[in-house]
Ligand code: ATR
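Quick setup: one chain, the form predicted alone, written in structure tokens, and binding and motion questions come after.
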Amino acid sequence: MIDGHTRTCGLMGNPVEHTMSPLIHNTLAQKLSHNLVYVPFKVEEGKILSAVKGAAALNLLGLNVTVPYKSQVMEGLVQVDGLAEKIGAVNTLVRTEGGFKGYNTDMPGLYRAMSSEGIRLEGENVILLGAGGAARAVAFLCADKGAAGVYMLNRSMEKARAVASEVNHKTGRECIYPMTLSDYWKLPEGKHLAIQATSVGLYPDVDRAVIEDGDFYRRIHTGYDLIYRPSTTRFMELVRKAGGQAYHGLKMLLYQGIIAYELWNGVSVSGELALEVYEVLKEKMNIKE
């Protein structure tokens, strides 16, 4: 029941109408008996810094930030966590003395999601599809968690080279190797973990994968697609057809939210509770697997 003690959290972005975040956070609050409510806030272009000031003045407990403000919001923060600083993107604001501190829970969320499925980054050769914002963040995560090598395949070699150079420099490791999509045959022998970080295959463009050639997919033991809608992407179909395991990105969405909730409330969410919330998400999105 909402009363004078209810704390407010929310999501700032544009658009926010289709977000699943309120379902994650309000379910957690209900199950943990926290007097907290989570709501979406649509922030018009050019107003994100005013929105951060307003949120602080209104004593909001914490906020998530989504597109297109994950980089812009950093200007309005009193402090930024080291990982978010490296990645150059913040998706979670935590109240501190004098304002908000920014974190990136997307990448720890991806790591926790993969770990929950028994997927390792440490010592692995990783095939990373894409060189955009999401792929750049994944490259930082892989370097940070000790991946042996990350083969960044992208249409534009120039863009892949720029991202690889930046990540290698900032992490102090020469482990990101830029390649063009068509050069996948130059990948090291054996089977690898592949992370799909492009928007190809995202609803409604569900019939495409960034690489269609079956020979590529025979090189993959596990494929992880950051997309969660549809729940079985073309990339996932091709990985499974070639005998590999494949996962969608809904658990990444879940765990980035859980980590934000933990930061705001100073709690630890158990694996059992995380799975309960995951089932609620799947039911809402009509995902059967």
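All residue numbers are counted from 1 along the displayed sequence. Quick caveat: nothing in here was measured; it's all calculated off a predicted structure.
Beyond the structure shown, there is the form predicted in complex with this ligand, which is absent from this document and is the topic of what follows.
For this ligand in the predicted complex, the listed stretch (68-76, 133-141, 114-122, 93-101) containing residues with heavy atoms inside 4.5 Å is 133-141. Among the residues 156, 171, 182, 165, the one placing a heavy atom within 4.5 Å of this ligand in the predicted complex is 156. Listed residues 127, 147, 84, 197 were compared with this ligand in the predicted complex; 197 is the one with a heavy atom within 4.5 Å. Contact annotation for residue 210: at least one heavy atom lies within 4.5 Å of this ligand in the predicted complex.
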